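The form predicted alone is given below as one chain in structure tokens.
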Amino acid sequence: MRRTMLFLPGNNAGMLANGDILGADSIILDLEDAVSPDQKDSARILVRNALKYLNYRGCEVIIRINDIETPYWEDDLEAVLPLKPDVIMPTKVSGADYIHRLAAKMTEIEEKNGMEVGKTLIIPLLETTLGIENAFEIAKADPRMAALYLGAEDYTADLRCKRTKEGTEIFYARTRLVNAARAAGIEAYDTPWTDVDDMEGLQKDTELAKALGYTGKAVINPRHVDVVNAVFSPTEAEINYAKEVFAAIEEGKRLGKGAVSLRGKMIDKPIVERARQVLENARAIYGGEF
């Protein structure tokens, strides 16, 4: 489960070394925006060595590579893919052809290194107007696709508008992306909150993302991890209600009832599906039986 995906600059050895103790479900080792062109080679070496020598216990490892229109992306893949990261995150993805080209290169490297083909997944970063318009075809482009992720800073630059805390300017992109991801049967992750000190704004923005259907949210500062984790974790009340739903269904079966109600409301398929998802998330986060 990815409630939080924390960005760590690929050229910061200290942050790379401590990636697994910061509380995030996933860490994104960043070879793109966080790294200036003159540091690409050294960052690539640092990230490669981090994958080789560090044990990121309990953390999914994602590598954000450079755009395929740059001269860096193939070197990124050649360096990190043989070390078997969980996910590759390509940037500025605009259509299915981009994913086809990336997946083909990943397969080539996997075969060359005697690796299991297709095990490393893809979560593309959609941060252009064209990428948002092509969200569904991107989501369906390859079996490796695990999710879509919204990047609002570059997207609003492409829109030629100001990025605001209210987020009105990205509402369309948020809803289109999450709808495309769900239609394709994959997950959706929201853009980071960029004001490090505005924790109240972070809380509200994260609650909005959850209400829109997002699975989790990227974060750019470790201080944001606990807030986002809490919002995307089932509450005790939600867990108890989900248990009541399944208990009512079982009781209905025992009594031979064709229709079952709980708290005066019929239990239909959407309610059952939401209850199932709550309990699955609870098991993933807290462990044990629910």
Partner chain sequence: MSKLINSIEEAIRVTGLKDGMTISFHHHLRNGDYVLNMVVDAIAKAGIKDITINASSIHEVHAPLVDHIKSGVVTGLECNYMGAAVGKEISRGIMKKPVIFRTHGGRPSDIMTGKSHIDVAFIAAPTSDDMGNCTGKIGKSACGSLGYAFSDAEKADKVVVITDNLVPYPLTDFSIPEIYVDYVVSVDKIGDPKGIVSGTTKITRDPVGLKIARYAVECIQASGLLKDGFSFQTGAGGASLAAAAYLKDIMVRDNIKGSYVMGGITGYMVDMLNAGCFEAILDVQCFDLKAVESIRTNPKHREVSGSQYASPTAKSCAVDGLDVVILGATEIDMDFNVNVHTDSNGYIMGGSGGHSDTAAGAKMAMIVAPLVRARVPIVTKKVQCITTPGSTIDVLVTQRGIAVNPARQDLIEKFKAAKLPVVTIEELYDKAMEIVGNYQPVELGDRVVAEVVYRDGTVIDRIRQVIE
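Positions refer to the first chain, counted from 1. None of the values given here were measured: they were computed from a predicted structure.
Keep in mind that the form predicted in complex with the partner chain is not shown, yet the notes after this line are about it.
Relative to the partner chain in the predicted bound form, residues Ala141, Arg182 and Glu280 are all farther than 4.5 Å at every heavy atom. Segments offered: 42-50, 222-230, 59-67, 254-262. Contacting the partner chain in the predicted bound form at heavy atom distances within 4.5 Å is 222-230. Taking the partner from the other structure, the partner chain in the predicted bound form has a heavy atom within 4.5 Å of a heavy atom of Asn55. The partner chain in the predicted bound form comes within 4.5 Å of a heavy atom belonging to Ile21. Put simply, Val196 is close to the partner chain in the predicted bound form: some heavy atom of it is within 4.5 Å. Though the partner is left out of this view, Ile267 does not reach within 4.5 Å of the partner chain in the predicted bound form, counting heavy atoms only.
For the stretch 148-185, the set of residues having any non-hydrogen atom within 4.5 angstroms of the partner chain in the predicted bound form is empty.
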